[in-house]
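The data below hold one chain only, encoded as structure tokens and taken in the form predicted on its own.
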Amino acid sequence: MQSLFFAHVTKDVLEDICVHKIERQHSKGETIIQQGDPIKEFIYLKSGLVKLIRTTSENKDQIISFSKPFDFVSVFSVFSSEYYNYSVIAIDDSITCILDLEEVKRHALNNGHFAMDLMYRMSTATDHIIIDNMEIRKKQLKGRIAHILLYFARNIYKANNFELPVSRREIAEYIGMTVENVIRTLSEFRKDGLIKIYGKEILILNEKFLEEVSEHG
């Protein structure tokens, strides 16, 4: 755990942080963090896949990003607010690890290197969201669909054959397009021989050309 999370902590400090660690199992579709709930814990994802969403004043859900194992899913609000500004929902069966928030804060105050490690993780996660959203918004429709397919293949599943973990509607929400556009573009990719579709299962057949579509489409 030390090498994965906090490079600048001693074994004793790590034991202090982890002594009350709790693991929780979450079923697909379960809400792990609810927007508006008070922040009482420091949470990271041990296994599975989750989506971070924010519900707007019009009661519409917008996907902010996805988190994979060893991401800190509570990191965006934990030091800036008393309440969560987003929800976290499991899109695969997942396991979270819960750390004592006050213990984490205490060590951050007493250990500058530890605090810098936390800031690095927070900045990295924020940069990912900003850069990914900018990349998506500058693309045309086909480029956006290609981008999300390559994202799941390369960053989440590390394979060109995977089960799409989100619905067509959720993809549309994430990339800012209509459901009909998503369905039509996936069908065009299939007809062009870029992918095969078996229900929710995706097989990328021509990764190089799909990347070109992502870059220029």
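Numbering starts at 1 and runs along the sequence shown. Here the structure is a predicted model, which means the values were calculated and not measured.
One more form of this protein, predicted in complex with a further copy of the same chain, exists but is not displayed; see below.
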Exercise. With the partner absent here, would Gln62, Leu109 and His113 each sit within 4.5 Å of a further copy of the same chain in the predicted complex, counting heavy atoms only?
Worked result: yes
Seminar exercise, completed: As a check of understanding, the residue in Leu118, Cys97, Val73, Ile89 with any heavy atom within 4.5 Å of a further copy of the same chain in the predicted complex should be identified as Leu118
For this session: Look at the stretches 43 to 51, 145 to 153, 172 to 180, 22 to 30 and give the one with heavy atoms within 4.5 Å of a further copy of the same chain in the predicted complex.
Result: 172 to 180
Exercise. Does a further copy of the same chain get within 4.5 angstroms of any non-hydrogen atom of Leu141 in the predicted complex?
Worked result: no
Exercise. Using 4.5 Å between non-hydrogen atoms, is Asp93 touching a further copy of the same chain in the predicted complex?
Worked result: no
Exercise. Does Glu211 reach a further copy of the same chain in the predicted complex, with heavy atoms at most 4.5 Å apart?
Worked result: no
Problem set entry | Contact test in the predicted complex: Glu135 vs a further copy of the same chain, heavy atoms, 4.5 Å | yes
Seminar exercise, completed: Within 75 to 90, the residues having any heavy atom within 4.5 Å of a further copy of the same chain in the predicted complex are Phe76, Ser77, Phe79, Ser80, Asn85
